[in-house]
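Below you will find one chain, with nothing else, as structure tokens; this is the form predicted on its own, and questions on how it binds or moves follow later.
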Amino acid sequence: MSEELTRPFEALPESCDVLVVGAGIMGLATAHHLARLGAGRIVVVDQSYLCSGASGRNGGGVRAQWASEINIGLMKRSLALCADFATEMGINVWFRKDGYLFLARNEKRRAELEGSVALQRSHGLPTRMIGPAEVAAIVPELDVGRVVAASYNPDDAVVFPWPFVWGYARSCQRQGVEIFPFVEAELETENGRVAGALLRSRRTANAGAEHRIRAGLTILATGAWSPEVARPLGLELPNHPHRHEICSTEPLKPFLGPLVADLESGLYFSQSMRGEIVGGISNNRVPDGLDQRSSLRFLGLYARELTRTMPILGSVRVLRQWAGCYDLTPDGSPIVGRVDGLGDLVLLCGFMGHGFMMAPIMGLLTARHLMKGEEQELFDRWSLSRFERGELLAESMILG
């Protein structure tokens, strides 16, 4: 699939109007909308293959249950885009709207969920607080003995991540966007502005081959790799990578509707359209840095908490385990927009573990902001400069 949508290193142009570094869903969604708005020649580069990073390594959850107005508003719109994606792009993303069920196991968590639910309902969401009896009615297989309450939004959803990436890549290709995998980018400045990048091939056949490209605008959408890519510019970003692991079981007869999540332990799991139980859990004891290896510790943590929550899964076999990198920021909110002093550089990073679900709307809003000058509150609230100003934000409904 990747080879059909991409171009060889030798076809790189000398210049472009927009250079997008990062061919994950965030970079491709932005390129797709920029092309629709007539942004000119757009080149997307990525150091590996499509779906090699977080876009191909997540659980596919898409939800509007958040604890901040900005995230609730964004995700209402993103969910709508996700629901229409298959029809618009002509690719099946296995969109399944069976809701999210957040479990509270103590009074503190109940109070937090109640506050979030009140905010969500004020924005028109059908989220509601429910007791253990209704939790058991929705998912009879859950052990509700330790459940105090839960929040439930039936409109939240789960998708299969890879076709989303391929769908945007196909649309980009149809609109003339050029996508180059296995290309490493070293951003370069000229007269105080980001002028483009020195590109190096990472393919075996011509590894190390170099090509310099000039760009009118450069968008950095490399997720947890963003600090590493930005550093040669003298730009120290405050986000950092954190390994997050997921596993998938053998397929079972469909029985689980909503994605089940527990903010206390960080456990979450859902059943895919093919029947697998796919989930993960918080694991704070992981190596620093960009690490996508799997660990036995994760499997132990996940298995214990999963079987406590849903005992019938105790004998189910795990078929696959993998890891990706969350892109963590000090306040749990993204970093977006132009950089002071480097006005030709636009950041789209720091989306924690939730960039996948936010990418459809973020790509649209970023393109409109850049091409039409549309003012968006989030480009002020989520700017890099907020850390210097000490205007940190807070978002509590973060899984993993």
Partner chain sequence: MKDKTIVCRCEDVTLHQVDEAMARGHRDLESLKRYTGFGTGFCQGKQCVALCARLLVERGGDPPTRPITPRPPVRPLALADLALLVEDEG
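Residue numbers count along the first chain shown, from 1. Since the structure is predicted, the reported quantities are computational estimates derived from the model, not experimental observations.
Keep in mind the form predicted together with the partner chain is missing from the figure; the text below concerns it.
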With the partner chain left out here, work out from 130-138, 228-236, 160-168, 107-115 which stretch has heavy atoms within 4.5 Å of it in the model of the complex. 160-168
Is residue 322 a contact residue for the partner chain in the model of the complex, using a 4.5 Å heavy atom cut-off? yes
Going by a heavy atom distance of 4.5 Å, is residue 71 a contact of the partner chain in the model of the complex? no
Verify the contact flag for residue 304: yes if a non-hydrogen atom of it lies within 4.5 Å of a non-hydrogen atom of the partner chain in the model of the complex, no if not. yes
Can any non-hydrogen atom of residue 5 be found within 4.5 angstroms of the partner chain in the model of the complex? yes
Heavy atom distance at most 4.5 Å to the partner chain in the model of the complex, all of 51, 274 and 296: yes
Within 4.5 Å of the partner chain in the model of the complex, heavy atoms considered, which of 284, 87, 122, 204? 204
Looking at 95, 152, 182, 326 here, can you tell me which has any non-hydrogen atom within 4.5 angstroms of the partner chain in the model of the complex? 182
Across 238-268, the residues having a non-hydrogen atom within 4.5 Å of the partner chain in the model of the complex turn out to be 249, 250
